[in-house]
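Let's start with one chain on its own, the form predicted alone, as structure tokens.
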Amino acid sequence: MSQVNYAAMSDEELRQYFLRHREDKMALRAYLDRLSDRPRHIITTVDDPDFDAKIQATVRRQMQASDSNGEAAV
């Protein structure tokens, strides 16, 4: 098996590669490492009185972003 350069792939390319090659544990590890390296954006907390509104606004933004990119929402 030839070496696959996961670092040269975009996030989406790596994701698609792993979905097509689910037996490739190194691809999964590379993808999970990328996800864990990203800074986390906290939308709200459980005790926030605006919890529902913030969640709904975030979902709407993500759906609009997905629509504008021609992608399905994840």
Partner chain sequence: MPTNAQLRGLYRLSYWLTYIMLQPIHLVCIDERTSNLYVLAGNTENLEFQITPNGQVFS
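Note that the rigid core is defined as the largest set of C-alphas that superpose within 1.5 Å between two forms. Bear in mind the structure is a predicted one, so any value in this text is a computation, not a measurement. Numbering follows the first chain given and starts at 1.
Not on display, but discussed next: the form predicted together with the partner chain.
- In the predicted complex, the partner chain sits within 4.5 Å of a heavy atom of Gln56.
- Remark: His21 does not count among the residues lining the partner chain in the predicted complex, judged by a heavy atom distance of 4.5 Å or less.
- Along 5 to 33, a non-hydrogen atom within 4.5 Å of the partner chain in the predicted complex is carried by Arg15, Gln16, Phe18, Leu19, Arg20, Arg22, Leu28, Arg29, Tyr31, Leu32, Asp33, in order along the sequence.
- In the core-superposed comparison between the shown form and the other one, the C-alpha atom of Gln56 has shifted by at least 2 angstroms.
- Put the two forms on the same core and the Cα of His41 is off by 2 Å or more between the shown form and the other one.
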